[in-house]
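In the form predicted on its own, a lone chain appears below as structure tokens.
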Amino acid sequence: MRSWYVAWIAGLGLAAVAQAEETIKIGVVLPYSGVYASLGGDITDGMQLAFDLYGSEIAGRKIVLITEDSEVKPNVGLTKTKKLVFQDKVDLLVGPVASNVAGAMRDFVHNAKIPLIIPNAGNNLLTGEKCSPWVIRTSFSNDQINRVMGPWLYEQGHRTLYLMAADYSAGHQMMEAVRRGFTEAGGEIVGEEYPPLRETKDFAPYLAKVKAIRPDALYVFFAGGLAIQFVKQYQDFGLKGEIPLTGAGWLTSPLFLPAQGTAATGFIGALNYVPTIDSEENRAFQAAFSEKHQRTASEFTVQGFDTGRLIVEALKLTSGKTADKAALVEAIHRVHFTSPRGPFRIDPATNNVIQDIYIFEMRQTGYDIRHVVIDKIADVQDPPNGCKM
């Protein structure tokens, strides 16, 4: 009787193991509440679309997403990451959105030796001096998006620049990238402000300082609800048409345009993706996303989409096997494809994406407000910046 019971228990254990092996579990740490909730939602929708189009089952193993809300808080993001690894036993991780949350997750992921694919957070250090073989970025580095704009703005005739960004690591890193390029070209930074990320509701005190100094241009980084508030208040304060508004292109994301309306027109930004890129891949992507969600896909959507496709293509190379994490990362390095944003590949020297950067202007065409590409910097690649794998 006792031997039968032991065999029965062992059989249950083997069945549980077999069932677990039938799925590929991806732990997702993104904001689903708070100021960046819409970003987390778009990234998740993009990933799911990629699985729908390129494969949600690899070698008989179904891909399953286990999602956790980072709340845009470093301590919460780290706690949720540990939960996914220790309790849910995920095969790899995706996330987060915010640079400070990514910084908090880095050491744990590095020591646990589990792949983390970053679909948004641009923290320079994670593919620079704090790089790790286990941290791969499909989105951008904060420097990668913004450093091209300093010399570009100088070439357009701007000689003085005022900087403004949310007060956290991404904001400071982006402004430093612009400052470096602009001053090296011969320009002058005449002021800068860093409004609090969560508490800021009224930009009037900051805009008053800009109006008093009257720089040739104002360069900003805001996303989420802050982007909507800033664009509308910039117009209401009377700066539109007086001081050109430029910056990191998330300011006028398709997510925010319905609320911003015509206040967004005239903005000139730099970004790794805009919905109006004229390519077969982008048109097909936008059509597929629109059919499923009845809205325009954003830059956050495409980063989730490319993350999902990268995972699928890498898993095909490993025949769906995930136990050997080093082999999975090596497969990720071998994946190249043409994304809706252009040529896509991961640089094995830094684990940061190599991609085109688009400079665009927001223009009104009839009733539509569109991202009109006015320049492109091809194959932008980060230097190692202290990275030693």
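In this text, residue numbers run from 1 along the sequence as written. As the structure is a computational prediction, the values presented were derived from the model and not from experiment.
Missing here is the form predicted together with benzoic acid; even so, the following discussion is about that form.
Asks: Taking a heavy atom within 4.5 Å as contact, would all three of Phe182, Leu218 and Gly247 count as contacting benzoic acid in the model of the complex?
Replies: Checking in the model of the complex: none of Phe182, Leu218 and Gly247 is within 4.5 Å of benzoic acid.
Asks: Only one of 95-103, 262-270, 128-136, 73-81 has heavy atoms within 4.5 Å of benzoic acid in the model of the complex; I'd like to know which.
Replies: Among the candidates, contact is made by 95-103.
Asks: Taking any heavy atom pair closer than or equal to 4.5 Å as contact, tell me whether Met174 reaches benzoic acid in the model of the complex.
Replies: Close contact exists here: in the model of the complex, Met174 approaches benzoic acid to within 4.5 Å, heavy atoms only.
Asks: With heavy atoms only and a cut-off of 4.5 Å, decide whether Tyr358 touches benzoic acid in the model of the complex.
Replies: Contact check for Tyr358: no, nothing within 4.5 Å of benzoic acid in the model of the complex.
Asks: Could you confirm whether Phe300 comes within 4.5 Å of benzoic acid in the model of the complex, counting heavy atoms only?
Replies: So Phe300 counts as contacting benzoic acid.
Asks: So, Tyr234 and benzoic acid: in the model of the complex, are they within 4.5 Å at any heavy atom pair?
Replies: No - in the model of the complex, heavy atoms of Tyr234 and benzoic acid never come within 4.5 Å of each other.
Asks: Using a 4.5 Å heavy atom cut-off, which residue among Ala223, Met164, Val274, Leu153 comes into contact with benzoic acid in the model of the complex?
Replies: The residue in contact is Ala223.
Asks: Out of Leu255, Met149, Ala227, Ala121, which one falls within 4.5 Å of benzoic acid in the model of the complex, going by heavy atoms?
Replies: In short, Ala121.
Asks: Only counting heavy atoms and a 4.5 Å limit, does any residue of 132-163 reach benzoic acid in the model of the complex, and if so which ones?
Replies: Those in contact are Phe140, Asn142.
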